[in-house]
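As structure tokens, one chain now follows by itself in the form predicted on its own.
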């Protein structure tokens, strides 16, 4: 599937009608989602025929993109039952086979093989450190790679934590993107705001018997 086609399909997915601010629910737009997964597949071969987990799946955009790009299995995980219901409906509309799991990522107990984790975690503006909780768990679960979005302003902190604390063998910013945050919540004063975000690729250190 070509990049423009992937972006077009993702653009038809239903988004949050009543997002929950405490969970920092912001949709991953089709522009970013398509480029994130397209890069993972076409530059690194981390999607097709792989087991992919979508952490904090929200509306299911990243998981849908992984499925459309030929993932062998996609597991979409979110703490919020309303998000999972919406993501499931989106998958059904596209006739995609995705497994959905309701769980707090921070309490995830995984028994199984995952090649690649993709995620747009909360930035940690409401609950400090939650972005690092997601990254820590992703690097425990993935055997091959983790793709994640983080504020560009946190770049040095993210890199240091990944390499020093979270067992990453490499942490690379693939590109800087403009994340369009629409006016979703009452405290938003502007119709939309662009936030600079980094698309990261982390490679976990190889561990025998990986899986938690």
Partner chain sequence: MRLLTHNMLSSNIKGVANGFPLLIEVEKVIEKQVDFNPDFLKNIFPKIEWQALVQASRSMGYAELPEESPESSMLDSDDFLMKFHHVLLELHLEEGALVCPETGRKFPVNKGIPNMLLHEDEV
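Numbering follows the first chain given and starts at 1. Just so it is clear, the model here is predicted, and its values are computed rather than measured.
Unshown form predicted in complex with the partner chain; subsequent notes refer to it.
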Notebook entry, point to check: Which among 169-177, 32-40, 45-53, 150-158 is in contact with the partner chain in the model of the complex, heavy atoms within 4.5 angstroms?
Noted result: 45-53
Notebook entry, point to check: Using heavy atoms and a 4.5 Å limit, would one call residue 90 a contact residue for the partner chain in the model of the complex?
Noted result: no
Margin query: Under a 4.5 Å heavy atom criterion, is residue 136 part of the interface with the partner chain in the model of the complex?
Written below: no
Notebook entry, point to check: Hey, in the model of the complex, is residue 114 touching the partner chain, heavy atoms inside 4.5 Å?
Noted result: yes
Next item on the list: Spell out, yes or no, whether the shortest heavy atom distance between residue 132 and the partner chain in the model of the complex is within 4.5 Å.
Entry: no
Notebook entry, point to check: If we check the partner chain in the model of the complex, which of the residues in 100-114 reach within 4.5 angstroms of it by a non-hydrogen atom?
Noted result: 100, 101, 102, 103, 104, 107, 109, 110, 111, 112, 113, 114
